[in-house]
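A single chain, nothing else alongside it, follows as structure tokens in the form predicted on its own.
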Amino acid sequence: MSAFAADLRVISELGRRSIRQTIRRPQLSAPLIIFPTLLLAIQTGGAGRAVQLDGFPQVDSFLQFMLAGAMLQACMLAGNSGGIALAIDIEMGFTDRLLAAPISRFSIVLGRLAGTAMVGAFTAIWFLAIGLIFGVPISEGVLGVIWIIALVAATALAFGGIGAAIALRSGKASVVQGLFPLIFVILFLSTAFFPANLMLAPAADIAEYNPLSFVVEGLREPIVSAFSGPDSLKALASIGGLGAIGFVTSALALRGRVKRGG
């Protein structure tokens, strides 16, 4: 078996293990679905008339506007949960045994990230199903659904890289879990839950340049309207930038952990 084929097998097996680990641990799986779904229900029910405000984007309902924000929140939590799971593996010594095995060391991280991406794709399907059940039209149809699932999976992968880097650097699940409040601060300072033109300064200024705003607009676009080049390219560029940060910091953190001997 070639080295490349061996690495793919390791990534595949660790990816499946990551998914099973997330499903079997309520503390990892519950936040991905329960928190964003509850927030979606509360905000849709409590602020549904916001669509009547002057300057609000043209949408069929507030739920249609909010779906993209809920999916972004879920995939960010998927990245955070993946980092927590990796830190738990480090604390239990499982990662050290993998590092001692005759396999590519970065394939260990890639396996975790592959699982995180698949979990992100599942959350996208969940929220798209909620939208369709409650009568939200997907303007771009099947092509739009495929685009959204792929974009959410890629975003979860990007945030998973950042979570993995923190887990590898700290080796403690509590440190990764402590990022949860920060996730919400960054998310609320974007256009995930409200358009930037109706926010007050400085939140409006931050949201305008927040990379998460570009990602959520790329997710929202096929739901509420037709595809447009600029929004899609900005979303892809933002995900690519976040992914690059995650991969580079993960590689550096992994190298540091190997040098320190675990």
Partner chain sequence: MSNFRANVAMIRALVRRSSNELLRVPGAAIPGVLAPTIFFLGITSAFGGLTLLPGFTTSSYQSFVIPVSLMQGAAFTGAATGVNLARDIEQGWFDRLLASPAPRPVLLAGIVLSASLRSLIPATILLIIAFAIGAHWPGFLGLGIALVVVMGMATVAATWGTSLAFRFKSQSAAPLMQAGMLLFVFLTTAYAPLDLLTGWLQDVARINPVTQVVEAARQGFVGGVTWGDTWPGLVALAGLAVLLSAMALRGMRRMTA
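Residue numbers count along the first chain shown, from 1. Just so we're clear, the structure is a prediction, and the values are computed from it rather than from any experiment.
Keep in mind the form predicted in complex with the partner chain is missing from the figure; the text below concerns it.
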(message) Is the partner chain in the predicted complex close enough to 100, 240 and 247 that every residue in that trio has a heavy atom within 4.5 angstroms of it?
(response) no
(message) Quick check for you: of 92-100, 117-125, 142-150, 181-189, which stretch puts a non-hydrogen atom within 4.5 Å of the partner chain in the predicted complex?
(response) 181-189
(request) Tell me, yes or no, whether residue 214 is in contact with the partner chain in the predicted complex, where a contact means a heavy atom of each within 4.5 Å. (result) no
(message) Under a 4.5 Å heavy atom criterion, is residue 44 part of the interface with the partner chain in the predicted complex?
(response) yes
(request) May I ask you to check whether residue 236 falls inside a 4.5 Å heavy atom distance of the partner chain in the predicted complex? (result) no
(request) Using the partner position in the predicted complex, report whether residue 57 sits within 4.5 Å of the partner chain, counting heavy atoms only. (result) no
(message) Need the contact residues for 185-214: heavy atom within 4.5 Å of the partner chain in the predicted complex, sequence order, or none if there are none.
(response) 185, 188, 193, 194, 198, 199, 200, 203
